[in-house]
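Read the single chain below, which is given as structure tokens and is the form predicted on its own.
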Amino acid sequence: MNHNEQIHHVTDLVELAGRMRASTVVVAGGDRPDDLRLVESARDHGIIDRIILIGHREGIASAVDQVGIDIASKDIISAEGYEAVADATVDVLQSGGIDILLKGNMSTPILNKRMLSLAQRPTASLVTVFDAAPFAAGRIMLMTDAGFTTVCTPERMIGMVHNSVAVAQVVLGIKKPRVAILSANEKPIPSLPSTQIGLELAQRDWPDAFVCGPLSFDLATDPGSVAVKGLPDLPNAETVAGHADILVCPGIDSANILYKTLTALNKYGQASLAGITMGFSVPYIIISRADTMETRLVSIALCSIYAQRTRNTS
């Protein structure tokens, strides 16, 4: 397995995952036809080989018939109601042999609460891998956290950095990623707490990453803006400014706005993106209703690559 294989575009992850060992996926709330079409597509691409569906048995049977998907009877687990589905999902994950969790027709807060019993990192966070033609000349990047971490304290943001760095290293082969802690200004301002947090994080010792902050979006991603505005007087600015691999947003508001911007660009063929929720015993996919089928499929590929490359190291 070549961890240094170059990934130039997010969609390359599908082909790479298809060449690796296939994964087993559990769908919590597996009675939606769209989710079954998604996992069947992933199986067709060689990304997954076993699909376990948990939820209302009659609803699952109806969806399976509607899609025409082949699921072994032992891989359909009956559970009535969100609480029961969440409990059954955690039980299956604890039994081992599972590579990916996909949230299907299921309450996200209920599932997330039960998943805390499987936490393996101090912070759980959503990491998005993306490329977008208007940003950073279209090179592949990561951002966090558009959908999981609501309160971005310094401690939570430290965890978000660690989670993002792990994805960059394991999936993209970036040995020491360049991390930008985003804000609206490059100088600490008392009235703008994100600037102070950005500097605090940049001043920490990071043996596996170059961290710089606070940085505006343009100074993090655009060498031209750096040339015009000059390097800010910040730790690691000469390494990170204009060349960030990872964008850490100061809150879920800004991260979600950036994510939805990428989603809009994706619909016009100007961006591709995939998500992985980090922090638990298996990679976890929480799909937005606005995500395209491409984004959903690449997210499974992303999680499969991460799962297979960490299978014997966790």
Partner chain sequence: MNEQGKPHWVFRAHVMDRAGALTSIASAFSNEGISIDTVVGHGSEEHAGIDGSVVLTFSCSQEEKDVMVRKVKRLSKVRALQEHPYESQSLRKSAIIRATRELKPRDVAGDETFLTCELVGQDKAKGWTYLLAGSPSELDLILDRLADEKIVTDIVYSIIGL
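Keep in mind that this is a model prediction, so the values were computed, not measured. Numbering follows the first chain given and starts at 1.
Beyond the structure shown, there is the form predicted together with the partner chain, which is absent from this document and is the topic of what follows.
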Stretch in contact, per heavy atom within 4.5 angstroms of the partner chain in the predicted complex, of 105-113, 171-179, 227-235, 130-138: 130-138
4.5 angstroms heavy atom contact with the partner chain in the predicted complex for residue 45: yes
In the predicted complex, residue 8 touching the partner chain (heavy atom, 4.5 Å): yes
Contact test in the predicted complex: residue 290 vs the partner chain, heavy atoms, 4.5 Å: no
Partner contact for residue 258 in the predicted complex: the partner chain, 4.5 angstroms, heavy atom: no
Residues within 4.5 Å of the partner chain in the predicted complex, restricted to 240-278 and counted by heavy atom: 266, 267, 268, 269, 270, 271, 272
